[in-house]
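Take a look at this single chain, the form predicted alone, given in structure tokens.
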């Protein structure tokens, strides 16, 4: 069965006193192939915890996450790597997913070389195309990532994720803190990319206006639980 399916997912952490608290409480979520879903909620409600589980960065304490019918719960690091072409993620703190010592171009080119069958010239053309779409100046490609601004790093991380044409994209606060022009260019790119290639997206944000702009369906999260769901058309 294609799509993302989360069933009864729970995740617990311990505070500084050693007491356990629930970050995710019996979360259920279905994202069909090609669907654009927004997850909205205040900081600390569990959105980012769910995102980390969906990319294999953390394991749930109970419940399941199925990706195209495969149970990811017991996947090893190697098994996740084999499916990176299928599922990509971009987080608000993009610096942690980029190599700060390499140029912007090299960061993207390495991902394309390992996760696609594009030739060197095709990789070059793909990168230039996405630089234009993300409203980034071409000369930034030769700049080491550590010298880019936070907003530029985030757009570069998005560019890299989109470059390999994943089937699923998890976006965690990708427009938070961006100026209006950069935010608009990112949202426009996501809308166009989704329309052209049918990639399923989970757009995690606290910005409800942006969620309504891009989504087929919107889910509200509070204190680790899904509390409300509706479509952009009011269904």
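The structure presented is a predicted model; accordingly, all values stated were derived computationally and were not measured. Residue numbers count along the first chain shown, from 1.
The same protein also has a form predicted in complex with adenosine-5'-diphosphate (ADP), omitted here; what follows describes it.
Engineer: Do all of 13, 44 and 52 end up near adenosine-5'-diphosphate (ADP) in the predicted complex, with near meaning a heavy atom within 4.5 Å?
Structural biologist: All of them do, each having a heavy atom within 4.5 Å of the partner.
Engineer: Select, from the options 65-73, 191-199, 44-52, 174-182, the stretch whose residues sit within 4.5 angstroms of adenosine-5'-diphosphate (ADP) in the predicted complex by heavy atom distance.
Structural biologist: Stretch 44-52 is the one.
Engineer: Quick one: from 218, 226, 23, 214, grab the residue that has a heavy atom within 4.5 Å of adenosine-5'-diphosphate (ADP) in the predicted complex.
Structural biologist: By the 4.5 Å heavy-atom cutoff, the listed residue in contact is 23.
Engineer: Suppose contact means any heavy atom within 4.5 Å; which members of 175-202 contact adenosine-5'-diphosphate (ADP) in the predicted complex?
Structural biologist: Nothing in this stretch is in contact.
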